[in-house]
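A single chain, nothing else alongside it, follows as structure tokens in the form predicted alone.
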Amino acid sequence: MSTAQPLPRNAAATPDVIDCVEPATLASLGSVPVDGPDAVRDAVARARVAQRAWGASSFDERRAVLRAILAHVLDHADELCELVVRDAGKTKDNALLGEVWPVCEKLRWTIANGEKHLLPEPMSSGLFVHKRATVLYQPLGVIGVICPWNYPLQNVLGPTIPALFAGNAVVVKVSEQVAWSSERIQRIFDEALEAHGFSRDTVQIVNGYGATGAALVRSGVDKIVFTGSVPNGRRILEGSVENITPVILELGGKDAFIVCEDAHVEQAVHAALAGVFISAGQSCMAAERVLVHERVYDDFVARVTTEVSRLRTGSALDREVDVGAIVSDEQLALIEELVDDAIAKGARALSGGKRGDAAGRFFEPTVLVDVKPGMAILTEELFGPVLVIRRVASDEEAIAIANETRFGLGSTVMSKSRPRARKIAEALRVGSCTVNDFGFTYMAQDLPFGGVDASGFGRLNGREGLRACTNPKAILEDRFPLHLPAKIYPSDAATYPLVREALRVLYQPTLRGRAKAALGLLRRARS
């Protein structure tokens, strides 16, 4: 779940500490020490030592550790939700549904399915029938994870769970925006690992600014999993070249939410509300462009405006609210700039449209209509609680508009016609599409998650995400102990014409051609 752009928490912060503030109240949370490059290299070295025992562990032992993590998350769910509310400004509901639930589901899926995807896999040996072919899925070693700020709990545990189950140690660099919660999240791993006889160094969280992340990228880890902005993704790639470190990049999104004229409008309205306002829109999968067919446009706009006008903002620690805070002053300014630009160019705010009146960092839940090409809000990642609606006349127009962005992460299609929705989904250039719901492709853990184009590459979740944490090693070994030498040297004048005819026998496209080649091969063999 990526960030819109790199956002320093506090320009006045010293290089040695991170000053932590509650986004919803601006109250101080204290400071967190920065881990410099030397500390990062030391963490990676300790992780490499710890990985030797962890990588040699059985699947039963790994499952036991994941079960302990799951029990901890469930037993301390209220505490963890409050942690997220204070550090990231979320509502309690958003923390529970968007952080705790995905973590629990990923743990459940990995415990139940992880082993079958990592067992040695028999493969065809092709022409070599006397050989046995196998793929082994072996740990890479130490995986570095670099997280954004928008899901403090889920962004740490999400990529760490498959990396751990695949037998790797993990070093996680969390965003300076949510450094305050890192110590408590570290405790989840520490207790589970120690309870089952493994070193705490198997999973370590480090804190810092850009220099800390850069040090992790260049530390010699065996893979980097990065979630964040496109500019920072480029920096990760540049740093990874130094040691030829493979990377998974989960970057930004500008997801389209398409409402066909045959959609169930009330269902579409509430799916759009979820897509836009969960985590105050600070999600890479947020529905940033709502494309509504002209036949249901007025009805959809009227209903969604009524609902948005009822939404409450504020600190979730002292009262019930619907939409939480914006993580930083810089992000709040970006949302305001994009909305103001759109209104100046002819868009209308039917609800909201400006900063909130509360003392914290809030932007009013907003419905924006009459958006047109040329407005930056249609192309730049918004990451805010703004429902941007555009009228379309056909499926073809909706698809064309959806695909005109440089991003390609997720999407949504609302239609009662299954064939129609599937046709639209297949035409969208994205990594995932949910039909008649919002965002559930991420929760269906058998499905891979990731994007195309500026949204990154590589996959998290599912079999693909789990195996991405391994070295798929190919083994070709004897099936039968024939021990017949394959003589190539010294060269023989008969070898070339014999092999030439043999290739024709194997690869001629017609039966007649293969038969003719077989006769030629026999003649060559006898001569």
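Numbers for residues come from their place in the sequence shown, where the first is 1. Bear in mind that the values here come from a model prediction, so they are computed numbers and not experimental data.
Omitted from view is the form predicted together with nicotinamide-adenine-dinucleotide (NAD), to which the following refers.
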Using heavy atoms only and a 4.5 Å cut-off, decide whether all three of C147, E250 and E381 touch nicotinamide-adenine-dinucleotide (NAD) in the predicted bound form.
yes
Counting any non-hydrogen atom inside 4.5 Å, which residue from V174, V323, M414, L387 sits next to nicotinamide-adenine-dinucleotide (NAD) in the predicted bound form?
V174
nicotinamide-adenine-dinucleotide (NAD) in the predicted bound form has a heavy atom of only one listed residue within 4.5 Å, and of T313, T441, T227, S182 that residue is T227
I'd like to check something about H117: if you look in the predicted bound form, is any of its heavy atoms closer than or equal to 4.5 Å to a heavy atom of nicotinamide-adenine-dinucleotide (NAD)?
no
Report whether the minimum heavy atom distance between G431 and nicotinamide-adenine-dinucleotide (NAD) in the predicted bound form is within 4.5 Å.
no
Evaluate G213 for contact with nicotinamide-adenine-dinucleotide (NAD) in the predicted bound form, applying a 4.5 angstroms cut-off between non-hydrogen atoms, and reply yes or no.
yes
Determine whether any heavy atom of Y209 comes within 4.5 Å of a heavy atom of nicotinamide-adenine-dinucleotide (NAD) in the predicted bound form, and answer yes or no.
yes
Option from 194 to 202, 432 to 440, 117 to 125, 235 to 243 whose residues, in the predicted bound form, bring a heavy atom within 4.5 Å of nicotinamide-adenine-dinucleotide (NAD)
235 to 243
Going by nicotinamide-adenine-dinucleotide (NAD) in the predicted bound form, which residues of 86 to 116 come within 4.5 Å of it through any heavy atom?
none
